[in-house]
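First comes one chain, alone, set out as structure tokens in the form predicted alone.
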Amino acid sequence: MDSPTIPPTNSDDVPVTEARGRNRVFVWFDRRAGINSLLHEALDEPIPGGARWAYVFGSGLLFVFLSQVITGVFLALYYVPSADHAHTTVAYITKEVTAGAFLRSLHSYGSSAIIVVLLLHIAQTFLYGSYKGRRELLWVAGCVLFALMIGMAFTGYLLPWDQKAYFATAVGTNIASEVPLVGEWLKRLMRGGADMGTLTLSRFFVAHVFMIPAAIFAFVAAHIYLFRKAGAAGPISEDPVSPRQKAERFYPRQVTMDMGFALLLIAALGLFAYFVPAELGPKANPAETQYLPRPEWYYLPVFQWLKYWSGPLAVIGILAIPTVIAVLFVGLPFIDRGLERRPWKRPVAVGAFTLVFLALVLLGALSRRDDRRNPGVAAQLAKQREETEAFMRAPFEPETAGSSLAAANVALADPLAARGKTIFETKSCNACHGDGGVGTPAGAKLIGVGAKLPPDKLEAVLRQPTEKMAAGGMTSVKLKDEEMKALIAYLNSLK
């Protein structure tokens, strides 16, 4: 019997025919797309002084941002940016979609991870003096990316449309009204009107999904281009203009370190998302007057800072001081023109940076302490926490969209009911009882109320609520007779 034919192999023990097949495919793509030159351009970047773990934060930021984009795309497949449906769709993702809670948690924790890695990247860049030596535009592009990332966190915070998101964003948009001359205009621009509603959600959604990510991609490209143009700054002992230390290529050591850091981020985000899923509270109720909004941890220092500025001083605390700090921060490379990079040789710059950083940490800690020391605040926050946990344990409840749609169609067919619908919304009855009278935690469901009470009894209850209704927050409805008839006609149409 003849022995089997063994194909020839190359030095890497790969069959020559297989290797030739791979080479042909690579050569075919390389001739048409220039893959080889692109790989050399990306991987052969010289790093003065060699690879270091201190350089992994930039690549880590890019990785987490891409993770946010991917998870955000999948979440957007289910999300509806309207005040009627936003919360329900997020609840559906969290409670019904397979791995939906895990996916949403990855996205939620990813926003915090971006802030953490971003702060580490800024601290490393500052302490290493990597903004020196013809890197002014690189630093400015990084500052713009920092602002855009903060904007992403702010616009995404509202989208779940639960109590926490609604009231925290209401506080954030109210801050804009403190800006002299254009403050009220800015507030209306962000909200899409005087109050927060579907137009607010729509604008935040467009900014979060389209506008800000597009700007981030553009500035990431500019940041990378400027970085490659100026070159890596190297260790703190290196000359930022004319490096003298022996350079090492980006591949393979620095690539390996970057991949290791990315895997660490994957593991941390995955563990948090699996064992501590992101929570969702009850649907936003604008009529709730007792709710105490508290922002995410990275906004707590700002939240605490605003407590110290009120009345005429608000302009100083909200606009003047932050503007001065921002201008000094962005203009740092133009102010600190020296080539000295060692932190202990830059006591003023490093001292100022450390002072600002410690002040932010202190403000966040003070905010937590104030909440614990105030018994009323602590009790209310505990109650809100219990409501959130109860909502997370409760099964998913789909919207009664059919009832609302049927009521709207009836109202359109009956001019008197249509007028009553307008009165119902003008008097903010839908704030407690929901659009179409579907009911909310703050108000009873009104669908079918016409079948339970005749018009005269319904009018009497509206004009003089029972003790139980008054205890629940119901107030007397003061309307003219014609307006009351229209409102009752609308309530009768809610079937």
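Superpose the two forms; the largest set of C-alphas matching within 1.5 Å is the rigid core. The first residue of the sequence shown is number 1, and the count goes up from there. Keep in mind that this is a model prediction, so the values were computed, not measured.
Beyond what is shown, the protein has a form predicted in complex with ligand HEC; the following relates to that form.
Contact with ligand HEC in the predicted bound form, defined as a heavy atom within 4.5 Å, holds for exactly one of M469, A451, I35, A42, namely M469. Residue-level contacts in the predicted bound form: of L62, L462, A54, V438, one residue has a heavy atom within 4.5 Å of ligand HEC, and it is L462. Among heavy atoms of G443, some come within 4.5 Å of ligand HEC in the predicted bound form. In the predicted bound form, ligand HEC lies within 4.5 Å of some heavy atom of F424.
Mapping the unseen interface onto this chain, L487 counts among the residues with a heavy atom inside 4.5 Å of ligand HEC in the predicted bound form.
With ligand HEC omitted here, the record of contacts in the predicted bound form names 429-437 of 429-437, 23-31, 45-53, 64-72, defined by a heavy atom within 4.5 Å. With a cut-off of 2 Å and the rigid core superposed, K283 has a Cα displacement that falls short of the cut-off between the shown form and the other one.
Taking 2 Å as the criterion, V461 counts as shifted between the shown form and the other one: its C-alpha moves by at least this amount when the rigid core is aligned. With the core held fixed, G60 shows a CA shift below 2 Å between the shown form and the other one. In summary, the C-alpha positions of T422 and D195 converge in the predicted bound form, ending up at least 3 angstroms nearer each other than in this conformation. Relative to this form, the distance between the C-alpha atoms of A378 and M474 is increased by at least 3 angstroms in the predicted bound form.
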